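Here you get one chain, nothing else, as structure tokens; it is the form predicted alone.
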């Protein structure tokens, strides 16, 4: 294999950095001629900045982050591309034990039904408003994130205004459990293993996985500057192949225990292997002392075309940027968004491999395979969807 060169990739200590770790530790990057160096970061803002200024060639990035950078929303305008998804799912909404107890009294159950849990939370929010107590505070990891939009979608769908009825703040993933323990926040939306850690140390209860809000919901992508991908097309393609193959390895249940131990190393996620194994296997303990429950498709590294960069996912993220006042709808922005997620680069990179590739760039997101409230998303009616409450 002819060397494609050194590639430096930043990542956040989360379960879904697994394909990157496996690409290094299991030799997939080396097989593709890549000298892959992973650099651990603590916040998404740091990831964004270090990709923008060229410290990182590519990174484990939030899907909407690449769009915001391309559009120049909230920071410098630096066009990005996402030639690969790093999996589906893996997030959950977790609340403090005092809030969970209040929700139980309002009808919340020990399962993970977002409608049941959301209705209970709505009653708690209404009671706080009647008694003139401060609003509940929920944390998410970044303004332009799946977590922000999934949390807002859920709250809004059950009758809670995320901008008026509760307070939303931004905190890096590794700080969320401590913030919950100290009573600084009442809940959060984050990727594993942080929700399971909150349960394990007895400070939180998982209310619902976000895959119950949006079935097979998208998550992180491999993101890089458009300029870098254009300058190094062979290196980009080799990186996509290596991570795709690594994701297939991560998918296999027989590899989960080894993967959990790899991720548990301090240079990667640094959480206990038995906690990481919960998310990898989809067997989650939702509350302290409760029995584990199997959550179907909780985290999917490879199945269901999980590594494909669906343009429809990018368009949904953009619709939420518009819906929540982060952007004004424009046809020019829509074209820029469509040009950020790059299924053409994905298909070209994987053409040498014997894999089934989606022929369409759009994935149907209709009930029962879409959103929990049954509301369909049609990319062809994007303006109307983004404008609707």
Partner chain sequence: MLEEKTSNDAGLHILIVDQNVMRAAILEDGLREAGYRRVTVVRDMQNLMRRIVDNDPDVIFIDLENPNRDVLEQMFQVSRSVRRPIAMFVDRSDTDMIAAAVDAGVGAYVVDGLKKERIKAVLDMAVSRFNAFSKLRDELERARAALDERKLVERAKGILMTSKGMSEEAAYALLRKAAMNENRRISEVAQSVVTAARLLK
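Residue numbers count along the first chain shown, from 1. Note that this is a predicted model, so its numbers are computed, not measured.
Although it is not shown, the form predicted together with its partner chain is what the next lines describe.
The single contact residue among 101, 184, 297, 200, judged by any heavy atom lying within 4.5 Å of its partner chain in the predicted bound form, is 184. A heavy atom within 4.5 Å of its partner chain in the predicted bound form is found for one listed residue only; from 171, 177, 238, 260, this is 171. Contact between residue 216 and its partner chain in the predicted bound form is not found at the 4.5 Å heavy atom cutoff. Contact check for residue 50: a non-hydrogen atom falls within 4.5 Å of its partner chain in the predicted bound form. When contacts are judged by a 4.5 Å heavy atom cut-off, residue 55 counts as touching its partner chain in the predicted bound form. Contact check for residue 118: every heavy atom lies farther than 4.5 Å from its partner chain in the predicted bound form. Annotated contact segment (heavy atom within 4.5 Å of its partner chain in the predicted bound form): 39-47, selected among 339-347, 26-34, 39-47, 354-362. Annotation for 116-153: interface residues with its partner chain in the predicted bound form are 140, 141, 142, 143, 144 [heavy atom within 4.5 Å].
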